[in-house]
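Below you'll find only one chain, the form predicted on its own, shown as structure tokens.
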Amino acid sequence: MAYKEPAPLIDKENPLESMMSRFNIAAEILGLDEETYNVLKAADKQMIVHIPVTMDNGKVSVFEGYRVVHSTILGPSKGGIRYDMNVHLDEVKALAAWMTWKCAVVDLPYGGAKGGIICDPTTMSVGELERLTRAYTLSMKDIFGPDRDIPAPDMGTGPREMAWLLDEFSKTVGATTPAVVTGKPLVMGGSLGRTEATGRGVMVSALAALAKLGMDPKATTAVVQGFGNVGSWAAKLLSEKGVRIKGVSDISGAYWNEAGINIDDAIAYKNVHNGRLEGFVGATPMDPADLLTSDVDMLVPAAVEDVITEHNAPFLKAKLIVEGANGPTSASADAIINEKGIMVVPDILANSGGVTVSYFEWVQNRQGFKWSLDMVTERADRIMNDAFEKVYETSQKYDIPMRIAAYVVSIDKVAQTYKYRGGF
């Protein structure tokens, strides 16, 4: 029976509801008391700002921006800032909560936060983006701080925006403060290994899962959905470990090669063709809806939220899903995936390599001392492997899926810390 995804391909559920449904299951397993449950589910603070920016044509546009600090129980809050037309408060709240659980699952001394501005960065000039970033930073000057809330890049932002943020924040406090933001350019205190960190964490998680499943990477086939920073690095590093990447996709479409795609060639092609794989001769175009349900051992969704839904989950053939993106599997698909016996390394575990190396950047900035690439990757790999083992042991102990086990591990850590610190 051939499967065709009904339009649109992405059947978005409310990300906050998806996150809360998993949170509720984990809270029940842990037997959380009502007080702790109520404290952990609610965001500490939500900022909504309206930012007037003079555009290149001389007119002033007003942009809506957000910053949600979900928790500071474990330490200062940490989370990216996204520039996208589809940013909305519920999404930012869900992503902030995911950051809390993500930091806790890899045992970092951080809480979770997220920010966003409703804008289309692809239609804005460098000057407009700089003025917007600096104005947003000023509006958040009482929120941000190396001991309070530490932003980072996300969708639509990168090292350039973080450099502007650092400069503007430093002006407000009268001192250069590199530890206020991570994901900076290397010359400004960025960390070696940060660019590939999330993709590398996906690779480390995938190898750990394959070992548990008794599968040899050299005999494993995979598809990677999303070929941006995370997906391309995950594909490259997995292929270097012997995994045969049969299919990849990006915004221009999906591409297949039964014998395996040469990932280095695909990355080189993308880099000289406006970041797109369109026209790449090392693979044949295919229907993007068929990529996720293709006959491979491992699926790496590394693009956007809610690409695996109740509609396509029954047709999945992979034995293993390693989530490079945030929230790529909707809550409604979880039961179907579990019933099919597919192991899932969930987003809050698999893609936490990025925040782990962001933490290293913050530590280096505070030490005033730069680490070598070997030191960064060795420590990051160890943290990722330790976290995987803890989540796997928890899943075995309670006989629960890896996703719920990751929530159990992280919520338990935050709940215990809250009890030691005490409420009012």
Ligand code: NAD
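Model, not experiment: these values are computed from the prediction. Numbers follow the displayed sequence, beginning with 1.
This protein has a second form, the form predicted in complex with the ligand, left out of what is shown; the following refers to that one.
*Asks:* Any of the heavy atoms of residue 228 lying within 4.5 Å of the ligand in the model of the complex?
*Replies:* Output for residue 228 is yes: heavy atoms within 4.5 Å of the ligand.
*Asks:* Give a yes or no for residue 143: in the model of the complex, does one of its heavy atoms lie within 4.5 Å of a heavy atom belonging to the ligand?
*Replies:* Looking in the model of the complex, residue contacts with the ligand do not include residue 143, since no heavy atom lies within 4.5 Å.
*Asks:* Examine residue 126 and determine whether its closest non-hydrogen atom to the ligand in the model of the complex is within 4.5 angstroms.
*Replies:* Contact with the ligand, no.
*Asks:* Should residue 77 be counted as a contact of the ligand in the model of the complex, where contact means heavy atoms within 4.5 Å?
*Replies:* It does not: once the ligand is placed as it appears in the model of the complex, residue 77 has no heavy atom within 4.5 Å of it.
*Asks:* Taking 4.5 angstroms as the heavy atom distance cut-off, pick the stretch from 324 to 332, 168 to 176, 86 to 94, 209 to 217 that is near the ligand in the model of the complex.
*Replies:* Among the candidates, contact is made by 324 to 332.
*Asks:* May I ask you to choose, among 149, 306, 250, 161, the residue with a heavy atom within 4.5 Å of the ligand in the model of the complex?
*Replies:* Flagged contact: 250.
*Asks:* Work out which of 82, 246, 200, 184 lies within 4.5 Å of the ligand in the model of the complex, going by heavy atoms.
*Replies:* Comparing distances to the ligand in the model of the complex, the residue within 4.5 Å is 82.
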